[in-house]
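Before any questions on binding or motion, here is one chain by itself as structure tokens, the form predicted alone.
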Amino acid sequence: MTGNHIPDALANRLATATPPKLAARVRGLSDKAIAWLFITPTMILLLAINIFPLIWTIRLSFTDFRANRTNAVVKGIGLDNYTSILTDPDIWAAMQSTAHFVFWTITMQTLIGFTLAYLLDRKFRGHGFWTTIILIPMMLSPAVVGNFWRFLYQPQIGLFNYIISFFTGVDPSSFEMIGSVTLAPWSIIIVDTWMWTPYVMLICLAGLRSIPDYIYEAAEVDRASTWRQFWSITIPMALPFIMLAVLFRGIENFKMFDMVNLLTSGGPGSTTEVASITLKREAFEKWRTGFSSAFAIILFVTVFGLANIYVKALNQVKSR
């Protein structure tokens, strides 16, 4: 039997093995019904994974439920959890730390990522090799990156302090990145920027490669300078891709947990305690499940609302 006849033989065997009643029902289905037949299991699975936990979290946010006391009577307390969160100075401090982290990581990743993309778009000799080298940090696991940079930040044996000392002349043992109240937030920003700038670079590079060459050729005919072409052609046409990269990294950085937890665990003190670290402590250290559920809902609404506003602005830019 040839290879072309194998699928036909298998189809004939399946058709023969199918009960007559079931075969009649299948023949009577329309294409739309068959499509729904295949899609429905996936939709049910997605609803079970995403929607049900969200509804359950919303329900718990209005109670005083604690996961370590399952036999206790759960009482509904209305909006008390939300009121406590919005009036808690520690929560607001965590949100400020999160905003500081998100703002500076997005700013640095966008500037450095677009600059690298612009240079790689020149297609110089060996640009493929350098593109691969730049992408390596993004391919690593956050656990590996966190432990790797924690070692680099060690003031006695870490290379980071010695590199700073080489350029500035400062004693390498005179400062500690992850142990200083002033430097600890920047230590996390540096690591996240190092790891995820290649991601922003890829999106920006795709935007630059999508600009037709004839637009630049027409600009050269009109004797537009390189600087003028950059501001009048490159930036406007690559702006939707830049904004898309900012959206993706903003959402991810707002809920950043693993990198911060591995490097500083929110310390020293609560200097680097971002919202996700606070949520983890409330849920799994203090076991305030209802309180942490309300905090999770507030974070979800915040991210969803800001992302929705940003997407509308992105659509307006794309429609120009």
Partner chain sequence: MAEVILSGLHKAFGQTKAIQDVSLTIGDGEFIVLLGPTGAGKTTLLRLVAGLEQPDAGTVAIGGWDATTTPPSDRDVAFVFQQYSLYPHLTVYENLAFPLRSPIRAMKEADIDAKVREIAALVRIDDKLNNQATRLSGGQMQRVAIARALVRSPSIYLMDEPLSSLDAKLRGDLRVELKRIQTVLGATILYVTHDQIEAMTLATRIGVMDRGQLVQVGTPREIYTDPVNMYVASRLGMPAINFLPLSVFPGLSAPSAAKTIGLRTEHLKIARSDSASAMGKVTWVEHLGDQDYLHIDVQNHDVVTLSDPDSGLKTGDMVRLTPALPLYFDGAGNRVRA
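Numbering follows the first chain given and starts at 1. Being a predicted model, the structure only gives us computed values, none of them experimental.
Just so it is clear, the following notes concern the form predicted together with its partner chain, a form of the same protein that is not shown.
None of 164 to 172, 120 to 128, 215 to 223, 189 to 197 except one has non-hydrogen atoms within 4.5 angstroms of its partner chain in the model of the complex; the exception is 215 to 223.
A heavy atom within 4.5 Å of its partner chain in the model of the complex is found for exactly one of 154, 107, 96, 232: 232.
When its partner chain is considered in the model of the complex, only one residue from 142, 76, 236, 179 comes within 4.5 Å through any heavy atom, namely 236. Although the partner is absent here, residue 209 sits far enough away that none of its heavy atoms falls within 4.5 Å of its partner chain in the model of the complex. With a 4.5 Å cutoff on heavy atoms, residue 100 does not count as touching its partner chain in the model of the complex; it lies far away. Contact annotation for 282 to 319: a single residue, 319, has a non-hydrogen atom within 4.5 angstroms of its partner chain in the model of the complex.
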